[in-house]
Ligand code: BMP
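Here we start with a single chain on its own, the form predicted on its own, put down as structure tokens.
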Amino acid sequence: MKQNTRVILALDITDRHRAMETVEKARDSIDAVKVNYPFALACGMDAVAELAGSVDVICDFKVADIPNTNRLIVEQVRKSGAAGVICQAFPGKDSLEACIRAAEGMDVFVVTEMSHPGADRFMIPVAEDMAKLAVEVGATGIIAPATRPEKIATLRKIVGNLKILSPGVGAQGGSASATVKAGADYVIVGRAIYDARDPGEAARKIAEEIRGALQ
């Protein structure tokens, strides 16, 4: 996955035409597109494949099942041409290893801590352990919250050179500049781009903010 702007567009849209149009408008200022279950269920995996033909796509399916089911899910993601998949660590090492094996070289990102307030009950207490598991199984990187940049800094010490993707910039209150300064490699932005009057301009401004923070 290229690292030019460090912006990943979270395409949380269920209208295929609008989704494709948004990607075209923002294309020059993003490095990749993240799609989730609502997009795939509404638009189909063929829409994922269409996107993957022109931009790196990460399937944010937060894969979290027994090893065999994880394998089946990740195989379908790989067949779509996606560049990466997001998986959960909490089902355990064997389930996560099944994702790694099925990926066959595709990027696998492991959720350590989600960006919403409710993560404080079950995820935050074990986020560091899940980051250690991501390192242990050889994942490409982790997902860490832009809404809590201090945790990004903590998790960076654990994962070393693994990539850190951080959701929560924009509508959830996270700052793109604070996120990259804390150690994230990419920021994931959804509503602040796709709900903007001009998605291309919104993406460009976020990319500029990141560029300024890294200088």
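Fair warning: this is a prediction, and the values are worked out from it, not measured in the lab. Just count from 1 along the sequence shown to find any residue number.
There is another form of the same protein, the form predicted together with the named molecule; it is not shown, and what comes next is about it.
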*Is residue 191 close enough to touch the named molecule in the predicted bound form, meaning at least one heavy atom pair within 4.5 Å?*
yes
*Is the gap between residue 163 and the named molecule in the predicted bound form 4.5 Å or less for some heavy atom pair?*
no
*Closest heavy atom of residue 114 to the named molecule in the predicted bound form, within 4.5 Å or not?*
yes
*Decide whether residue 57 counts as a contact residue for the named molecule in the predicted bound form under a heavy atom distance cut-off of 4.5 Å.*
no
*Of the listed stretches (63-71, 181-189, 22-30, 150-158), which one has a non-hydrogen atom within 4.5 Å of the named molecule in the predicted bound form?*
181-189
*Could you list the residues in 28-59 that come within 4.5 Å of the named molecule in the predicted bound form, counting only heavy atoms and keeping sequence order?*
34, 36
